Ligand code: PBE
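Given as structure tokens, the chain that follows is alone and in the form predicted on its own.
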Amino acid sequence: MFNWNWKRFGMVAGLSLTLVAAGCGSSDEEGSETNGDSDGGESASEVNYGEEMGYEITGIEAGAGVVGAAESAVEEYENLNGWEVSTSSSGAMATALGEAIENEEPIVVTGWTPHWKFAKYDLKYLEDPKEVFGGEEQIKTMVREGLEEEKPNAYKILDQFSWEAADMESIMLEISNGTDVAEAAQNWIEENQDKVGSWTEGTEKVDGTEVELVYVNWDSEIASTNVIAEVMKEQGFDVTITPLDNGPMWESVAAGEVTGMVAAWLPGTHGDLYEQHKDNLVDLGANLEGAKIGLVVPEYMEVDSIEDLEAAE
């Protein structure tokens, strides 16, 4: 990483010398000689970001759809020959991204929208000409079979739950800045009573009816699940929220072991799991439109497409 910063310094230094020469009335030929100096540094296009990063894409949990898509991208794109996708957690990915940006170092991460990192940092998705990551996604609500008949008020609230990416990202950013998760959810609820009212419209308050919601431990799903849980608590429900890995999350809803989830990313991220379990659960439709997954880099990196990355030597 250290070497990369010196290359950038060399670029700036070389450009400064050229501008000084131009200001003194140097000819184009003289300017070309200055730019051709071996001490003038490398252009951004000559910087091998892959080498600086150890040809590694920083991923999240193994089994996550975006990680699977990134692994497919490594296979599909010839220029990613020799690259690997490292897996850890969404929190570890965010930490690595923040550290890289603080030091203005190159990094490629598995990213998704909505996420607070887009509100905090200047980031961009790399273009995906082969469409390995697919197009826009929806985040959908899934509940167990029989819920509408057994707990109609819970069913209706979950069915009416719908919001926008900006809503989710504002909560995620507040949590990332240190606010307690439940407190951040309550703050949003207090500031968005009209939207919350549309979720509970036509329902009656209950007295301790038990509800269990499951979610994958991503920042986006932490935000959405805590918000809907707090809303249901205000309606008198006894709500439990349980973080699970992707597979067990879907399995628990399909098996009728829990009430439901508001964390189903489709058609891409959880597509295989949906096909496996769709006949044993109830799809209540999208609670958020315009979600997206892909490879994400800081704006200062001089790459715009996955194809701009270089293969390992």
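The structure displayed is predicted, hence computed values, not measured ones. Residue numbers here begin at 1 and follow the sequence given.
The form predicted in complex with this ligand is left out here; the points below concern that form.
- For the chain shown alone, Gly50 is not a contact residue for this ligand in the model of the complex, no non-hydrogen atom being within 4.5 angstroms.
- This ligand is not shown here, and in the model of the complex it never comes within 4.5 Å of any heavy atom of Thr225.
- For the chain shown alone, Trp163 is not a contact residue for this ligand in the model of the complex, no non-hydrogen atom being within 4.5 angstroms.
- With a 4.5 Å cutoff on heavy atoms, Ile60 counts as touching this ligand in the model of the complex.
- Here the chain stands by itself, but in the model of the complex one stretch of 251 to 259, 50 to 58, 280 to 288, 264 to 272, 264 to 272, has heavy atoms within 4.5 Å of this ligand.
- Contact check at 4.5 Å (heavy atoms) against this ligand in the model of the complex: none of Gly82, Val108 and Glu310 pass.
- Residues are counted as partner-facing when one of their heavy atoms sits within 4.5 Å of this ligand in the model of the complex; in 63 to 82 these are Ala64, Gly65, Val66, in sequence order.
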